[in-house]
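Given as structure tokens, the chain that follows is alone and in the form predicted alone.
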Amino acid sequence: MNLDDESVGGIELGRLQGWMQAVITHPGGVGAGVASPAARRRVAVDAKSLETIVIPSETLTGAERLAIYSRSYHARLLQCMREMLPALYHALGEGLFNLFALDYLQHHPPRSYTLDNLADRFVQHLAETRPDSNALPSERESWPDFIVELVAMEWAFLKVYDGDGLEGRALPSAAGIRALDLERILESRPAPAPCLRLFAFRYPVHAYMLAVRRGERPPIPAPSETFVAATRSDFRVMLYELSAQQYAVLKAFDGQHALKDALDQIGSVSSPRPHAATIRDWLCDWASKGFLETV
């Protein structure tokens, strides 16, 4: 082996620590970890001379001792993903869930000091690696959509809970909005709450997720176009179903453009355009639910 003319005992502690981390966190196992560029940049040892670094015990080789740490590391990551995505775990079962999760971790190993962002790219990974990803949209199967949408919903649920909210702020009231005449409503510039997330799904994944979190064992639902708003009120994540029109209106809110301009834009791509009085009723309802930061 090549240790730059250093003895094994003379290797700096930091290099040894970096080498061990690269080996035990490698998704391909200890053998692949030892041979990986990340490990060899720190200590250029191969599998045959591994025991000059990690000595064997009475019952285990050096590689087997390292494998204990490797298995524990990946078991911990799988445990975290199961706790973060309980509905997906219920839908797939343990074996398939672990296969999906390990494939994701192999392509996107954690890079942060915290595991809060562990599944940040899981939705993207599932969408890119679905078995029919190269097929035309009209030829794709529907069940991968359910899986991708379920992960999107579960991950958003966690991010809304941990992110910025409206607690402690002075917010628009339903009574104040109700007092405005329709012209002022049309001139208003509603701004969505920082915790508001909007979704257009092919499946009612929000209902499935909530059922699992209640301890139920729901079956996979049939496809059904669903629009959902997620927000946070008093540190609780709340989910609300929307109509297609309500979803389109809320998507147009940015706090910069007048409501009448947003309605003109919506009216150009869908019909019928909602009446201003209807919008006022919606604004009152949305203000009470924590959808809006300002009006």
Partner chain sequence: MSRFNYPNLGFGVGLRHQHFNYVLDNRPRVDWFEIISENFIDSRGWPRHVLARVAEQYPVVMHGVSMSVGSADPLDFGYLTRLKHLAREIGARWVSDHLCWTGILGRNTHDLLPIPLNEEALKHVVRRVRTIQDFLERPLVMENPSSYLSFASDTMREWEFLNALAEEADCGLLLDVNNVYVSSVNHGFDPLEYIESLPHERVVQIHVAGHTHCGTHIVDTHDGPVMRGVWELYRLACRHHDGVSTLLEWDSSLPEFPVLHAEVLKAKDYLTADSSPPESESLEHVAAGCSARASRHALAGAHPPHSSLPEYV
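Rigid core: the largest C-alpha set superposing within 1.5 Å between the two forms. Since the structure is predicted, the reported quantities are computational estimates derived from the model, not experimental observations. Residue numbers count along the first chain shown, from 1.
Below: the form predicted together with the partner chain, not depicted.
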TODO: Would you kindly say which of L239, A35, L250, L263 lies with a heavy atom within 4.5 Å of the partner chain in the predicted bound form?
DONE: L239
- [ ] May I ask you to choose, among V123, L210, L171, L186, the residue with a heavy atom within 4.5 Å of the partner chain in the predicted bound form?
- [x] L210
Open item on the list: Within 4.5 Å, heavy atoms only: does M20 come near the partner chain in the predicted bound form?
Closed with: yes
Open item on the list: Just checking whether M84 would be counted as a contact of the partner chain in the predicted bound form - the rule being heavy atoms within 4.5 angstroms.
Closed with: yes
TODO: Consider F100 of the chain shown here, and say whether it contacts the partner chain in the predicted bound form, taking contact as heavy atoms within 4.5 Å.
DONE: no
Open item on the list: Check L259 for me: does it contact the partner chain in the predicted bound form (non-hydrogen atoms, 4.5 angstroms)?
Closed with: no
Task: Residue stretch of 88-96, 172-180, 110-118, 124-132 approaching the partner chain in the predicted bound form, non-hydrogen atom distance within 4.5 Å - done: 110-118
TODO: Can you tell me which bits of 11-48 touch the partner chain in the predicted bound form, meaning any heavy atom within 4.5 Å?
DONE: I11, E12, L13, G14, L16, Q17, G18, M20, Q21, I24, T25, R42
Task: A244 C-alpha relocation of at least 2 Å between this form and the one not shown, rigid core basis - done: no
- [ ] Align on the rigid core first; then say whether the Cα of V30 has moved by at least 2 Å between this form and the one not shown.
- [x] yes
